[in-house]
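Consider the single chain below, provided in structure tokens and representing the form predicted on its own.
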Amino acid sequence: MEKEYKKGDVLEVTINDMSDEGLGIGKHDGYALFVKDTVVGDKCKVKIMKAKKNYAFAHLEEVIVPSSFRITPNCKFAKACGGCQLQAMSYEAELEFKENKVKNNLIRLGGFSEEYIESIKEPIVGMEQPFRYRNKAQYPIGYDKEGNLVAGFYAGRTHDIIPNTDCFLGREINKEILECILSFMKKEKISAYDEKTGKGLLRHVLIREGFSTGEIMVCLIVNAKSLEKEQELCSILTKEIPAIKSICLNSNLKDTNVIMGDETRVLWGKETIEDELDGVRFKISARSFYQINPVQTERLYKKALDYASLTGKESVWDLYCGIGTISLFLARKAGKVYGVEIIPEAIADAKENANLNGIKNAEFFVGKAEEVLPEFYNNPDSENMLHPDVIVVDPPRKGCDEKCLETMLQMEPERIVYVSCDSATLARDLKILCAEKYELKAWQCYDQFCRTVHCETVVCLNKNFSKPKDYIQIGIDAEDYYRIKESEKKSE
């Protein structure tokens, strides 16, 4: 008779694997246990918090014998905070974990053979110093149990704020800015927003920094159209921190977990700040998408440019282009670049960034990639745009839309360069792209999000090839894939 496990059971287990989310995995008589804050090799005492038939989630009670990969986290809030899942793991082990995570997704979800994936892999690119790399941070503002104003980050899987104005992933200057704002709020009796009641004023503080310029933007997200004594706050902030070049106010009146609202106005200074990547300058507004790790971004984009193999004549589509960062990298080596992005402000920034750098061969369109691409594909007047030599795609975590993938396959570019922040959706999309027309030629990971479970990957696909036997295990086309996904949804 199989042993039944239940909530409250205390067990000893050795961690021998990790989940994609960074949970340690161990087995007790074949029963799988997922344990937060553990590292492969740890021998632990754990307590079951939620038991299922074949597995359970457990709380780490004690590390009996620590793993050789275990280190002391830099941040005292690392265990409670939901942001840095891997601070207790050595950085070398973290890089290995991330590369294996991507590799396993390409094999398990993409259907590629392990032998082939290993043969085309380029080594993961880590950082010399995996802290203080974020150029953007969003701090919720609230109250602690004693009713004191606090800024910090949400505890894992909750919206309880852990007071911490000095995150080790963010810049040191953030602490000074936050404490200045909190001090002003206390003095002027400005309230913090309460998610439970929908009352209160200040919801979040967004801080951005241009690493190459040192320029700082502060954006106050409020549950109103204005902030009491906002000009007085601007005066204090800019006097205390001269690097601040822009202070904005964003109105978010909705009862939602989405941080920013649709309306932003400048309280002081410029509407944008500037940064530079490999000689290309960018203007960044409050709502712009701009990679949060500029050191790794420059390396990543250089690899994307390398995979694109441009000679100066090519026509290129850049899908999900944001403020034009990849587009302008490519435009210096391409004949013509077309960028697509759904956020109008980002496209306005992209056009301004092209002008700022004197780049004339980049054109930008507002809209969803899955809608803009078919529009040009079905337009006989867009012949030059219809058959690009290269498509570069950098989608959000959910990956590419069905129509976007189908139109890419119809357009048949010679090369596709796919930049991904989620290797599971990357693998799913590669299975479709590589089912018939494309060959996965190379892939490489970049540790864009050090000390977290997230990882950036760039891959190169070439058109027209003969598949070797061990190239791919499974192949389905886009229509079959989405038909299967729809049937799965209906059966849930």
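By rigid core we mean the largest C-alpha set that fits within 1.5 Å across both forms. Residue indices: 1-based, along the sequence shown. Please read all numbers here as calculations on a predicted model, not as lab measurements.
The following text describes the form predicted in complex with a small molecule, which does not appear among the structures shown.
A.B. asks: Have a look at 351 to 359, 105 to 113, 163 to 171, 289 to 297 and name the one stretch with heavy atoms inside 4.5 Å of the small molecule in the predicted bound form.
C.D. replies: So the stretch in question is 289 to 297.
A.B. asks: Contact with the small molecule in the predicted bound form for residue 202, defined as at least one heavy atom pair within 4.5 Å: yes or no?
C.D. replies: Residue 202 lies outside the contact set for the small molecule.
A.B. asks: Even though the partner isn't displayed, in the predicted bound form is residue 341 close enough to the small molecule, meaning a heavy atom within 4.5 Å?
C.D. replies: Residue 341 belongs to the contact set for the small molecule.
A.B. asks: So in the predicted bound form, does any heavy atom of residue 321 sit within 4.5 Å of the small molecule?
C.D. replies: Although the small molecule is absent here, residue 321 would touch it in the predicted bound form, with heavy atoms inside 4.5 Å.
A.B. asks: Looking in the predicted bound form, any heavy atom of residue 369 within 4.5 Å of the small molecule?
C.D. replies: Result yes; residue 369 sits at the interface with the small molecule in the predicted bound form.
A.B. asks: Note which of 126, 395, 83, 73 lies within 4.5 Å of the small molecule in the predicted bound form, where distance is taken over heavy atoms; exactly one does.
C.D. replies: Flagged contact: 395.
A.B. asks: May I ask you to choose, among 301, 153, 133, 364, the residue with a heavy atom within 4.5 Å of the small molecule in the predicted bound form?
C.D. replies: Of 301, 153, 133, 364, the residue with a heavy atom within 4.5 Å of the small molecule in the predicted bound form is 301.
A.B. asks: Spell out whether the Cα of residue 346 moves at least 2 Å between the shown form and the other one when the two forms are superposed on their rigid core.
C.D. replies: Passes the 2 Å threshold, so yes.
A.B. asks: After superposition on the rigid core, does the Cα atom of residue 371 shift by at least 2 Å between the shown form and the other one?
C.D. replies: Where the cores coincide, residue 371 still shows a C-alpha shift between the shown form and the other one that is 2 Å or more.
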